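A single chain, nothing else alongside it, follows as structure tokens in the form predicted alone.
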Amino acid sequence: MERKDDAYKFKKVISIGVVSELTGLSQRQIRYYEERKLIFPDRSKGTRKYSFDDVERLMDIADKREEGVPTQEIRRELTKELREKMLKGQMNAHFRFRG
């Protein structure tokens, strides 16, 4: 669950050039992962902006690709993780407001 002090991790403020430096991935690789729907940067005036959470996800994707995991399988795993997070959030909200 996202805590207030973790909120910075989700702010989309990092340029693709900086993300490339942080992850060791080329800008082309980063755009490819976006095309494969593995990462979802914000776009403003044609500029992509990423969060620290995106950087961590890209590093995880790169590790899995090095291990030979296909992008389709990575997307399936990410979708499953997102569903689990959403369900957990919904359950937490439900029981928090039942008081």
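Because the structure is a prediction, the values reported are computed rather than measured. Sequential numbering from 1, following the sequence displayed.
Although not depicted, the form predicted together with the DNA is the subject of the following passage.
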Does the 4.5 Å heavy atom contact test between residue 43 and the DNA in the model of the complex come out positive? yes
Tell me, yes or no, whether residue 65 is in contact with the DNA in the model of the complex, where a contact means a heavy atom of each within 4.5 Å. yes
Given that the partner is absent here, does residue 37 sit within 4.5 Å of the DNA in the model of the complex, heavy atoms only? no
So, in the model of the complex, is residue 51 in contact with the DNA at a 4.5 angstroms heavy atom limit? no
Using a 4.5 Å cut-off on heavy atoms, what residues in 50-75 are near the DNA in the model of the complex? 65, 70, 71
